[in-house]
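The chain that follows stands alone, in the form predicted alone, written as structure tokens.
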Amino acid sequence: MPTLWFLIVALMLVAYVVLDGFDLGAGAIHLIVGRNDAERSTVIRTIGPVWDGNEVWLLAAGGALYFAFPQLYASAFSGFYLPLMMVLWLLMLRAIGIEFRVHSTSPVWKGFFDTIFSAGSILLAIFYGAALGNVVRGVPLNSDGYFFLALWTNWRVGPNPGILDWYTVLSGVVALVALTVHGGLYVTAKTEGTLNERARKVVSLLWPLLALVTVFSLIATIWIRPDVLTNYKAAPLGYLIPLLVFGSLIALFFYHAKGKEKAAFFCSCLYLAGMLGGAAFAMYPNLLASSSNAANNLTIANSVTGSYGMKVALRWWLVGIIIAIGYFAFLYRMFRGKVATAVGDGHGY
């Protein structure tokens, strides 16, 4: 049962990154591809009906984590208190940027909220990547399961690192580039004309960088945490995951060059799922590794809740996930197809 809940939390996090990732990416390129009010309104309209629904997966994953692995929830959320507060503020500011922008009539305020939306999206992508980097690298867990991290120390990976070091910054860059490409592909698939061309150009320029930082991050991860290969050596089928990552990257470039927008976006989804799936596979059964003493690692065994509670929660989770999948299928079907370029005052989604 603990392994099942590990998979459930991992799948919901993948769903969040894939779905909310494209509207974070759309926000990151918002000021680049949108050169006037009408074009920026169009970018907002491509994600307008779905962006807030996509964030439900983050809440669902956090709720499942709180219930299934309460010790991990308590340790991680206390140790990462500062970055967590920063993420919450960025989520709020990004929402304010979207909602206030579409209801504003002043060009000055529209420009201000455009900047808030774009900057919030960029910073969130970086923070999410740095957070994953911290989890993979490990944190200085004590024997009681708690830790403290300064925002940065000497920028080196060691027994007592900071939240930011060269590895977590690299992870943040990977996340930013990956989600920007993901958002660019989504905007490409949802728009036409000049906006479509600019979004395509962003993807074309960033694809080589994405391939480069993906390789560097893989090498860096193996260098600082050689034990991430343990599960791959024990179960060689796991090597299919990195093959999926690099195969999807190559297919993404091929389909994008051929103008097959939906296929390229689907490949980007596979890339993100493969990156996160590979990290989860490498870490299992660890949930949060200790950088100072492996005996202090938080695992699915020493962090899990009671067996009866997990069984009851699984029944309710199945009901909830069926409803959620049905809702999202209906939502994306209703708003499928291209979005026309905004005209007039650009109000509304």
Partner chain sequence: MESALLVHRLHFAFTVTYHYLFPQLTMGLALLIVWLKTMALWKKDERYNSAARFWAKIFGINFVMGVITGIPMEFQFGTNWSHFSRFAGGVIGQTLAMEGLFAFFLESTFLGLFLYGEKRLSPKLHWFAAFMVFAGSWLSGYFIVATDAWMQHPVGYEKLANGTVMVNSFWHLVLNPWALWQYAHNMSGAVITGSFVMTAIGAYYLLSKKHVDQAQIFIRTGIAAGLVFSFLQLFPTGDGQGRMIAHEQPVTLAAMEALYNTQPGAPLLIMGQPNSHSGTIDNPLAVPKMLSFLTYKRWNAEVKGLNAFPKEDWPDNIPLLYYSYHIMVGLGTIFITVMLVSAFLLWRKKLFDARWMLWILMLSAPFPYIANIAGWMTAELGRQPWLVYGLMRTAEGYSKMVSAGNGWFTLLGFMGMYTVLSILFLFLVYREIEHGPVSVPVPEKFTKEAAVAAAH
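Numbering follows the first chain given and starts at 1. Predicted, not measured: the structure shown is a model, and the values here were computed from it.
Note that the form predicted in complex with the partner chain isn't included here; everything after this is about it.
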For this session: Consider the chain as shown here, without its partner, and state which of 82, 212, 205, 222 has a heavy atom within 4.5 Å of the partner chain in the predicted bound form.
Result: 82
For this session: Answer with one of 89, 254, 155, 216: the residue that has a non-hydrogen atom within 4.5 Å of the partner chain in the predicted bound form.
Result: 89
Exercise. Counting only heavy atoms and a 4.5 Å cutoff, which of 137-145, 191-199, 233-241, 159-167 contacts the partner chain in the predicted bound form?
Worked result: 137-145
Problem set entry | Candidate site 1, 271 and 300: all three near the partner chain in the predicted bound form by heavy atom within 4.5 Å | no
Exercise. Should residue 103 be counted as a contact of the partner chain in the predicted bound form, where contact means heavy atoms within 4.5 Å?
Worked result: yes
Exercise. At the 4.5 Å heavy atom threshold, is residue 312 in contact with the partner chain in the predicted bound form?
Worked result: yes
Exercise. Can residue 113 be called a contact residue for the partner chain in the predicted bound form at 4.5 Å between heavy atoms?
Worked result: yes
Problem set entry | 4.5 Å heavy atom contact, residue 71 to the partner chain in the predicted bound form | yes
Exercise. For the stretch 39-62, which residues lie within 4.5 Å of the partner chain in the predicted bound form by non-hydrogen atom distance?
Worked result: 52, 53, 55, 56, 57, 58, 59, 60, 62
